[in-house]
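So this first bit is one chain, no partners, the form predicted alone, shown in structure tokens.
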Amino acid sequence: MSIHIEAAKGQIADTILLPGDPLRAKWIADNFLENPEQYNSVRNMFGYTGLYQGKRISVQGTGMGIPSISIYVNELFSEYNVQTAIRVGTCGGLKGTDIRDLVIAMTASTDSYHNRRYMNLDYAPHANYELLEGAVKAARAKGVNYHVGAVATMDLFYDPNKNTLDLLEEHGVLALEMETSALYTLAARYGRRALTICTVSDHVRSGEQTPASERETGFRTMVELALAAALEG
């Protein structure tokens, strides 16, 4: 056991999907994995392991924000030797995206101090190329609306500084979210592979939103791309 995960050694697979919402973790396990077994319920942050097309896959809720995902990813990498971590989450779309589009994050900028605490510089965290390539290949095959590029991992969900959006869009950032920079940095630190695939659940500019029930148990295509990337990569 680690502090926040009660799994025994061997209960967590080498490859894991990381939704922020623990109820989405349960939905993924119930709808995609064969014979899923729950290994974690600490703080109701559910975790499961099962089979997908013969490959052992785990899924673990991480909560929202850099501090929360950092706890789980550190423990998954250091205590359970997870090698591949794919975040499947939601994001706020910026210019060039539409509601329910998929965003595959190549890089993640951030306004957090997280990376400077590790190495005292503006480190540029990035996705694992093989996983990214696998996700793009799956997206093309499905013919879904997707974008590949930069996201911004922000500390504030409700940012009072509206100029932030203009600056991010001027530099080609596709979407806002709250976890990817930490995931990619920790993957680099531990020598592991990581990718983020997000669904645009709300559009920052238009104000259009998906309902909470869809955010909790929907977005099937995003999970299919993540699983395809896990098998391909």
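Numbering starts at 1 and follows the sequence shown. Not measured: the values here are computed from a predicted model.
Keep in mind the form predicted together with hypoxanthine (HPA) is missing from the figure; the text below concerns it.
Residue 176 is the only one of 57, 176, 69, 186 with a heavy atom lying within 4.5 Å of hypoxanthine (HPA) in the predicted complex. Scanning 30, 169, 202, 37 against hypoxanthine (HPA) in the predicted complex with a 4.5 Å heavy atom cut-off leaves one residue, 202. Hypoxanthine (HPA) in the predicted complex is not approached by residue 129, whose heavy atoms all lie more than 4.5 angstroms from it. Using a 4.5 angstroms threshold between heavy atoms, residue 118 stays clear of hypoxanthine (HPA) in the predicted complex. Hypoxanthine (HPA) is not shown here, and in the predicted complex it never comes within 4.5 Å of any heavy atom of residue 151.
The shortest heavy atom separation between residue 134 and hypoxanthine (HPA) in the predicted complex exceeds 4.5 Å.
Picking from 22 to 30, 40 to 48, 189 to 197, 176 to 184 the stretch near hypoxanthine (HPA) in the predicted complex, with a 4.5 Å limit on heavy atoms, gives 176 to 184. Scanning 61 to 94 for heavy atoms within 4.5 Å of hypoxanthine (HPA) in the predicted complex gives 90, 91, 92 in sequence order.
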